[in-house]
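A single chain, nothing else alongside it, follows as structure tokens in the form predicted alone.
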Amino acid sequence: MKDQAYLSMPAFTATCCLGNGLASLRSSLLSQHTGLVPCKFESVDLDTYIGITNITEDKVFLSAELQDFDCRNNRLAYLGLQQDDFIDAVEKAKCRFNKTRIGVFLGTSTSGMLQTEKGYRELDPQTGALPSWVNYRFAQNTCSVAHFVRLALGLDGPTAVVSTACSSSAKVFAMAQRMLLLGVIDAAIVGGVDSLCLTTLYGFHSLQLLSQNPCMPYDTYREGISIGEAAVFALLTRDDSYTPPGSLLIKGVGESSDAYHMSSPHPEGLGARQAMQSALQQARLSAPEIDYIHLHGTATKNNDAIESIAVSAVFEEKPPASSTKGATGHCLGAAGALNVAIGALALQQQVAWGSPGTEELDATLSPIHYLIHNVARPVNHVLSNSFGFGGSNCSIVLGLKD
């Protein structure tokens, strides 16, 4: 693995509250536009902001063979797959590789839980049974989204879903990397799909972690997170002679577990440091070779404080760093893949992104070079952080092929 860790990322796409596909995402990041809006979702009565996508309720949106999977999460996945010619890229991969050797590895947190939540409103008063239209296997089941995407893309390779909260869709890059390097597969579809539901909104509210205003990562007056939803996909292959110069590469993936607390990170950022150091080691890079850090940056008091401690400890020379969750919201199980996509755009645009929503950097945080506004600069390597509940950490180094 040490000799051949680099992966090629020939195609990727992202759909979130900033729009469908990369053009909308890129344009919004360049203008530092936010997609967060006051919460008007289902029956939710909370004073907060959310990042919501425009998902059609058209009954014929999904083809007949996909109808069993119909739920908000899989509709979001299908919407995401339609963008940026991603399906065409997968078709080309199917011409190069056998479809049984293309894996699908996705991250999510609540999958299609919204369908079951709606079903509880119609419980049978005699038996307590959910209504027949609630399809647990193909909607709420965590693996539903990967099963759905594999079927939608006509693939027959191995499939898995990682559900480790906010690091879920970053850790699938590591899973695909292992499968590719072991020779089990020749290509992989990775990413994350996580849609809004009542449980996440009320759950984070009960934890007193929701912001009443659009979130303000690393800001003195940050109040907490704004929850968003997203569908992000990337095609991965081995970095070989087919990979042209200038192509996007996944150069290193570092994982760690705090094993400290069910929801709080290690107070000294130990696990976060280990994940970043492991990613750098696998990428065969030193800390000064990172040109931009795309932070996890949720805008909670604790997360931002601990992440700043960890970043400050790893990077003696402080590269520019920022969080874009003030634009997209925190997309939970899709956040890791969305961070990677935004990091890839930083490489393509040669821009270190600013931090929409942040106005005044919290001076009590450990010293990092935090960007509030975009800065055009040479960007050869990006480090992307994703840290989940329970101290599940994943850092990814992206670069361009020489």
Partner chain sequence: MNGGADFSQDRLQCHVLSIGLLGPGLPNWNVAQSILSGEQKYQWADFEIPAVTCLPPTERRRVGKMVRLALTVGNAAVQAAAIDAHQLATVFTSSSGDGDNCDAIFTTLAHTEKSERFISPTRFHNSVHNAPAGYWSIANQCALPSTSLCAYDASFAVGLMEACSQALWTGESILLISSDVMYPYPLSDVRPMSSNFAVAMVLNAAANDAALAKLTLRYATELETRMEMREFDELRLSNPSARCLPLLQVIARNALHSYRAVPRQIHLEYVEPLTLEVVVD
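Computed from a prediction, not measured in an experiment: that's the story for all the values here. Positions refer to the first chain, counted from 1.
Quick note: we don't show the form predicted together with its partner chain, though the next part is all about it.
| Is Tyr221 a contact residue for its partner chain in the predicted bound form, using a 4.5 Å heavy atom cut-off? | No, Tyr221 sits far enough from its partner chain in the predicted bound form that none of its heavy atoms falls within 4.5 Å.
| query | Is Gly128 a contact residue for its partner chain in the predicted bound form, using a 4.5 Å heavy atom cut-off? | reply | Taking the distances in the predicted bound form, the answer for Gly128 is yes, it comes within 4.5 Å of its partner chain.
| Using heavy atoms and a 4.5 Å limit, would one call Ala287 a contact residue for its partner chain in the predicted bound form? | Contact check for Ala287: no, nothing within 4.5 Å of its partner chain in the predicted bound form.
| query | Given that the partner is absent here, does Ser211 sit within 4.5 Å of its partner chain in the predicted bound form, heavy atoms only? | reply | It does not: once its partner chain is placed as it appears in the predicted bound form, Ser211 has no heavy atom within 4.5 Å of it.
| request: Identify whether its partner chain in the predicted bound form is within 4.5 Å of every residue in the set Phe12, Leu153 and Ile372, based on non-hydrogen atoms. | output: No, because Phe12, Leu153 and Ile372 lack any heavy atom that approaches its partner chain to within 4.5 Å in the predicted bound form.
| query | Looking at Ser308, Gln83, Ser256, Thr300, which has any heavy atom no more than 4.5 Å from its partner chain in the predicted bound form? | reply | Answer to the contact question: Ser256.
| request: May I ask you to choose, among Arg273, Lys251, Lys171, Arg75, the residue with a heavy atom within 4.5 Å of its partner chain in the predicted bound form? | output: Flagged contact: Lys171.
| said: So if I measure heavy atom distances to its partner chain in the predicted bound form, which of the stretches 290-298, 308-316, 196-204, 75-83 falls within 4.5 Å? | reply: The contacting stretch here is 196-204.
| request: Let me know which residues along 132-164 have a heavy atom within 4.5 Å of its partner chain in the predicted bound form, or say none if there are none. | output: In sequence order, Val134, Tyr136, Arg137, Gln140, Asn141, Thr142, Cys143, His147, Arg150, Asp156, Gly157, Pro158, Thr159, Ala160, Val161, Val162, Ser163, Thr164 come within 4.5 Å of the partner.
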